[in-house]
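A single chain comes next, written as structure tokens; it is the form predicted on its own.
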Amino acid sequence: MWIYALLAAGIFMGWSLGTNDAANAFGTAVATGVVKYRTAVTIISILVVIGAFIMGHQNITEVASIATNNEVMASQSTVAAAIEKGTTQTLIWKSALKAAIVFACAGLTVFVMSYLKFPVSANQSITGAIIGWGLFYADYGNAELRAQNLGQLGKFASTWLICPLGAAIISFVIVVLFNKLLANRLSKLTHYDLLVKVGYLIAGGFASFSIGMNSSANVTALYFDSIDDGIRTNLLTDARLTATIGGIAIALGVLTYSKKVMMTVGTAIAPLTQIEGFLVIIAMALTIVLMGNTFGIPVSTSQAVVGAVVGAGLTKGLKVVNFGVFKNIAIAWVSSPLAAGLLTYVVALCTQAVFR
């Protein structure tokens, strides 16, 4: 049963994701003083687990294609060969170990970025780690495989520009329209402050549920037996349980080490009023929906919320936005998947005797 200890790497990945992605849901609410930090992390941790349990399993196979192409997850032909040779237990052990290596490298990268207070995309770090493994083991001399992998790589790399830029534009427009059309009217309401707080709680709660729904599967997906052939070839066979374990790991990260990134998003990039912080969450959600559903681009909530904060700040002028902080965050966006990929490649090099 010691093989299940390899799940610890996936749990570490989830913990790292939680330390970073909590800012996406309540960073502006906490920074503007509308919601207390303890209240925010409690709501996030609960709704992340609920989102993972209810809907997280639907996304369990999202990373399977690129993981299989890069020799992290077993292909159908590999599974068939293992069944024929009677070596499925060896396949399970090696699959779990490869998943542990990828998650450990990606998780370490995200943790370092969280320690440095940079909001980054955990999913992109995972993708970078998977590609790093594939660059050592996969046959990139195969034109078809190379085209598939490079296409996937180009798609998620394009979001480094498209996602934050789109969020900044949407946020800028929303804040300008709100200030012109609604700000004076709403500020005169008797229960204006209560209205703002309720709005934050609803928006932040929905964002937390979405984190569990969208990201939990990626925390443990590489441990899931995605090939439905009646033969167990990986550690976990229940999709809902796999996603729920990921959600719990994310919640642990939220509860223990999320404040640094949360305050970076909420205060360091641009000063926001309470209502502007709420509008930033709305802009982030619209960005995810528009780019995810309309253009089919896998976007990062971290990049969306940072772009939205910049857009809200620009409504007051260029000098309001701290572009020095934003530049450092942008560098972290690019460097985190590259660092995860490089680290994984080095580990692949050191462990080739096991997998070859």
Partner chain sequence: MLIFSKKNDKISQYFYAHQEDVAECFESFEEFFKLLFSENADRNLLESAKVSVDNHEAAADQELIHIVNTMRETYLPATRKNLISLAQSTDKIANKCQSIVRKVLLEKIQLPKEVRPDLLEIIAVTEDQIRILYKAVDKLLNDYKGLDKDRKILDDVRSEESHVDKIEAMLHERIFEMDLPLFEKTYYWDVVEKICNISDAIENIADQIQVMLIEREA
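The shown structure was predicted, so the numbers you read here are calculated from the model rather than taken from an experiment. Residue numbers count along the first chain shown, from 1.
Another form, the form predicted in complex with the partner chain, is not on view; read the next lines as being about it.
**Student:** So in the model of the complex, are 189, 194 and 316 all sitting within 4.5 Å of the partner chain, heavy atoms only?
**Tutor:** Checked in the model of the complex: all three residues contact the partner chain.
**Student:** To test your reading of this chain, name the stretch in 268-276, 101-109, 126-134, 211-219 whose heavy atoms come within 4.5 Å of the partner chain in the model of the complex.
**Tutor:** Correct option: 268-276.
**Student:** Indicate whether residue 183 is a 4.5 Å heavy atom neighbour of the partner chain in the model of the complex.
**Tutor:** Heavy-atom contact with the partner chain at 4.5 Å: present for residue 183.
**Student:** Verify the contact flag for residue 47: yes if a non-hydrogen atom of it lies within 4.5 Å of a non-hydrogen atom of the partner chain in the model of the complex, no if not.
**Tutor:** It does not: once the partner chain is placed as it appears in the model of the complex, residue 47 has no heavy atom within 4.5 Å of it.
**Student:** Spell out, yes or no, whether the shortest heavy atom distance between residue 33 and the partner chain in the model of the complex is within 4.5 Å.
**Tutor:** Answer yes; at least one heavy atom of residue 33 falls within 4.5 Å of the partner chain in the model of the complex.
**Student:** Answer yes if any heavy atom of residue 198 is within 4.5 Å of a heavy atom of the partner chain in the model of the complex; otherwise answer no.
**Tutor:** Yes, residue 198 is a contact residue.
**Student:** Given that the CA-CA distance for residue 266 and residue 190 shifts by 3 Å or more in the model of the complex, does it become closer or farther?
**Tutor:** Relative to this form, closer in the model of the complex.
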